[in-house]
Structure formats: C-alpha cells, structure tokens
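The chain that follows stands alone, in the form predicted alone, written as structure tokens.
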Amino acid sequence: MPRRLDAPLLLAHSSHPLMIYADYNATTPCDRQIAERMLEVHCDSFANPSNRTSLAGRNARGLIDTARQQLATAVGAHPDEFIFTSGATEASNTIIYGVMQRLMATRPRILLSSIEHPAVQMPVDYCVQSGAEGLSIKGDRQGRLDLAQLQQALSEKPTALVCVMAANNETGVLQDIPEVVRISHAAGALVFSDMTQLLGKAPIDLHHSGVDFACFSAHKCYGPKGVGAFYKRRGLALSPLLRGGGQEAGLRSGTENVAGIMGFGMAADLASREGQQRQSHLRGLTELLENQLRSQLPGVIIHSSEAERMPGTSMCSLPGLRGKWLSQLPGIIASSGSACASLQGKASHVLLEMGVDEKTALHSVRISLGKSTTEAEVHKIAAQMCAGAQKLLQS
C-alpha cells in the first residue's frame, strides 16, 4: 500500500525515538524555522529576482542580497565576494576549472593535499587529464599537511593554485590555513580552501586567513540541500563554469534559487550567532564519547586524536575486527567515512593516506554529532559501539 503524501517519513535524527542520528558531517536536518520561512518564500516571493522593473522581482532580489550579507558577516568577508551555487561541489568545480581554464595555454600547475574531498580531487584529476600538471602533498599519520613538503614543491616550479581543505570531513582535522596561504602566496600561488564542514563548528574569518577562494554548503549547517556558495577575493578573475543569463556577477548563470539562498543566509546567521554555544556543546560531547570508548574498548583507535580537530567528529577503528562495524550498530545512523566513499563501499582514502592499513580503514566508523545531540544519546552510541565491537571480535 503506497504511503500517503502527508504521512511523515521515518527519517532518522536525534528527535526520532527509535533512531540516533550520528552522521551530521554527511548532512544536517534543515532547521524548522528555516524550512517554514522557505515555504513562505516559495509561495509568496516567487518572482524572478532578475526582473528589477517589478516590485515582486525587487523583493526577491532583496532576499538574495540579505542572504549574501548574512553569509559575509558570518565568515568575515564582503558580500560582493560571494557567488551562490547549487552546493559546494559546484562551487569547488567552478573555482578549480575557472582558475585552470584561464591559464591552460601555459600548462598550469596545481597542488592539493592528499586528503581532499572528491569534489576537489576529481576536478583536479580532470584538469590534469586535460593538460595541467598536478601534485598531491602528503600529510603525517595524524592527517596534518606537511607544510615543509608544500614549501619544497612550491619552490620547484611556478604553481597556479593550492587546494587545502580547512577541516577534514572524515577525521575533523583542522589545517593551518593562514600558514598555507603565507607559504603559497610567497611563491605566487593562489589558495583555495574547502570550508564546507567548518561553518558553525569553528570560527571563520576569510579576510584574516588570506585565502583567495573558499566554498560552503547550506546543508552542512542546518540549511537546505541544493544551495551553496563560493568566496572569491576581490580583484581576482575567474572563468565561469555555467554561462547564460549572466546572473551572480556573470559567474553562475541561471535563475537564482531564491528560497534556498534565503535559507542559506538564515543558516549562516544562526551558525554565527550560535557558534560558540555549538562548539562548546560539541566539544563536551566528543570528549564524553571518546573517553567512554577508550575506557570500554582497550585498543580502540581514535584517528587524528593528537591533531587539532573541529568538535563533533570522531573516526574510530578497532584492530582485529572481522566484519563491518556499522552493521553492528542497531539504532545508530553513522558512516564509515565520507558519504561518497560509503556509497562505493570503499575504504576511506583519508585513512589510507594517513598510513592506516586497508582492512582497518574499511572497518572504521565515523561518529559525527550535531547541535541537537544529547549526552544520553552519546551514552547510547558508546554502548552500541562497544557491544557491536565485542560481537565482531568474538565472531
């Protein structure tokens, strides 16, 4: 019998009594006040924002302008430095292709950390296939970028772009972006930092960091899916990925997603105003979870525990497991790494690059917590992980 359209889906997140959602790095639930406001915009402010001759069009444009200001305020930049997109993947592709296309005749060189998200790694690979030169910079066993190796690589030949994510989506490791910028700019290279995971989990000041480009996604910070943005420092040129009507300063043609952009602005504003509270909450929960795992599971590995990490992310392994840990966590929604890797059933490339053996990497689990996660839920997560690991070790 088909489900009624008005019947609630049993989506798992922490408000559902039977499920505990612990995969906030994959996506977050849209904040209810944002979703309700978006519905109003969809129904009442649906005019095309490019139609500036009508009051309705100007009202729609005003919603976009407000959202751009909210995002800029949240991350320390000017409103005119942001271009709205369909998400961080499109933003990353636009930045990488936009820089490379302008320089392709010179066979440009691009450097990236070896633990980038596929949304960065794959467009770089495509540029290399199209004639650019690429080089991956390794990190240490904690997942921290080897800055000496980066500096050496930059000294060898001219480089157009350096790509280093600010916070890793699998381990939570924070990179020293200001130092990456200092080293790269000294060598004449531009810097792009994927900051998708960072908004609401750590302070962001783009102007202070010095990055030339950055990307964000609304659904990682309690906003809607299908909308993101990239930051382009004033004065920099970029070739557009999408061409057409010339929206978004000619860098992202297509009628703007007014409701989604408005929702992104609200999410950025909430992340800014609630940032310290969220970070303190997540730090406490992460410490609680990891202390319980260490006390109850001798030999458990909390990857990157010696590095500076954003709060709320714990990537765990237990050597000796014979099966997949996730299948032994009933009632817990978690993942084995990035959603992309989980979809393909592959071991985390991040852990492999950190020197973790393939079997251990394949049987790892990432717990990522959110602003609505409670201490009681963390106790249940730890209990399920311990029970599941014991079952696997005894099988």
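Residue numbers here begin at 1 and follow the sequence given. Because the structure is predicted, anything quoted here is derived from the model rather than measured.
In what follows, reference is made to the form predicted together with pyridoxal-5'-phosphate (PLP), a form of this protein that is not presented.
Taking a 4.5 Å heavy atom cutoff to pyridoxal-5'-phosphate (PLP) in the model of the complex, the contact residue among Lys220, Arg109, Arg278, Arg309 is Lys220. In terms of contact with pyridoxal-5'-phosphate (PLP) in the model of the complex, the residue from Gly260, Pro123, Gly87, Gly139 that brings a heavy atom within 4.5 Å is Gly87. This chain is displayed without pyridoxal-5'-phosphate (PLP), yet in the model of the complex the stretch 114-122 from 67-75, 139-147, 114-122, 289-297 comes within 4.5 Å of it by heavy atoms. Looking at Ser193, you'd find every heavy atom of it more than 4.5 angstroms from pyridoxal-5'-phosphate (PLP) in the model of the complex. For Ser209, no non-hydrogen atom is located within 4.5 Å of pyridoxal-5'-phosphate (PLP) in the model of the complex, even though that partner is not displayed.
Contact check for Thr171: no non-hydrogen atom falls within 4.5 Å of pyridoxal-5'-phosphate (PLP) in the model of the complex. In the model of the complex, pyridoxal-5'-phosphate (PLP) lies farther than 4.5 Å from every heavy atom of Ala268.
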